[in-house]
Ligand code: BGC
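Form predicted alone, single chain, as structure tokens, below.
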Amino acid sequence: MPSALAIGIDLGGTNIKGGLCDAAGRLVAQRAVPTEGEHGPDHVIGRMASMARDLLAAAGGQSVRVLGVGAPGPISHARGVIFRAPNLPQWINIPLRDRLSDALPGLVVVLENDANAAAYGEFVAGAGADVEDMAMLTLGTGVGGGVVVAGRLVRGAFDNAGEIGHMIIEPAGRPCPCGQRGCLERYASANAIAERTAEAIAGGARSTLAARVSSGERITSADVLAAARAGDTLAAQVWDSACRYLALAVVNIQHLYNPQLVVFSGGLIQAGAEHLLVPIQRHFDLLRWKIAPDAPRLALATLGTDAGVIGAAALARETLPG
């Protein structure tokens, strides 16, 4: 892999994060600014370009030839276009790659889905650094994903491979904003865990969270986990159900890609191995087939919020010759 430094930028609805990365995926400089998405795409693209120039200056004269951007999707990697960006409502069919290329002459710009970029970051410099085949599930407000096979990110014919959160795990199940029903993220994301608990309470289920829900207070997945750990039966059932759905997704991933490793990232991993990995592993061991010894190892991500920046930079660097 070429030794030149590369810039990675992670575009989020709240913040833009950027970094200057070396060939080993180490961050040698970092920046972060508010996205200010309410001011529209032109304003945000200007902020991204300004951050890139700042990172170029931080390189101190070392060669920087590429910029990778991880952005919420769906996107087209091949065309460099964001079709729609969650939490950035004015972003419809925005040619981000070309806009940044025009603003930053001399830099090759690569656009990637943010979950793919984060997965690739964990692959090159985090939990997956010792494997060649890996899948990652990002557990936050939704469920994102990314898949690496034989060291290469899987994008698919339409640049939408790895949308693990929209794997259907309950036919005719809960409606999803994507237009499908029964998607994984409607059962196992942070938002879904809180929503399912509140719905059960509204339907008459007993819970220590009932007074808060009845008063109109919004509960979170962290509240549900805390209640479960304190002995709340409903909260424990919802949390365990989410872990079972995640295990079911791992079984399907196992048979589709046969990875050595499945990594979990995002806000839900704050629950820790005991309360997330252990129950997922327990359900996975019950659900998976037993006719071949090909079960992937399960692990928590190690790079935190840096994964998207590192992955975007690493994917951009792959466009360099040599």
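Under this definition, the rigid core comprises the largest set of C-alpha atoms superposing within 1.5 Å between the forms. Not measured: the values here are computed from a predicted model. Numbering starts at 1 and runs along the sequence shown.
Separately, the form predicted together with ligand BGC exists; it is not shown, and the next lines address it.
Undergrad: Considering ligand BGC in the predicted complex, find the one stretch among 202-210, 237-245, 106-114, 167-175 with heavy atoms no farther than 4.5 Å from it.
TA: Going through the listed ranges, the match is 106-114.
Undergrad: Quick one: in the predicted complex, does every one of G73, G144 and E185 get a heavy atom within 4.5 Å of ligand BGC?
TA: Looking in the predicted complex, the three residues G73, G144 and E185 all sit within 4.5 Å of ligand BGC (heavy atoms).
Undergrad: Does T197 reach ligand BGC in the predicted complex if we count a contact as any heavy atom within 4.5 Å?
TA: Result no; T197 lies far from ligand BGC in the predicted complex.
Undergrad: With a 4.5 Å heavy atom cut-off, would you call T138 a contact of ligand BGC in the predicted complex?
TA: Contact with ligand BGC, yes.
Undergrad: Answer yes if any heavy atom of E163 is within 4.5 Å of a heavy atom of ligand BGC in the predicted complex; otherwise answer no.
TA: Yes - in the predicted complex, heavy atoms of E163 and ligand BGC come within 4.5 Å of each other.
Undergrad: Even though ligand BGC is not shown here, does P95 get within 4.5 Å of it in the predicted complex, heavy atoms only?
TA: Flag for P95 set to no.
Undergrad: After superposition on the rigid core, does the Cα atom of R212 shift by at least 2 Å between the shown form and the other one?
TA: No, the C-alpha moves less than 2 Å.
Undergrad: Does superposing the core leave L88 with a CA shift of 2 Å or more between the shown form and the other one?
TA: Shift at L88: 2 Å or more after core fit.
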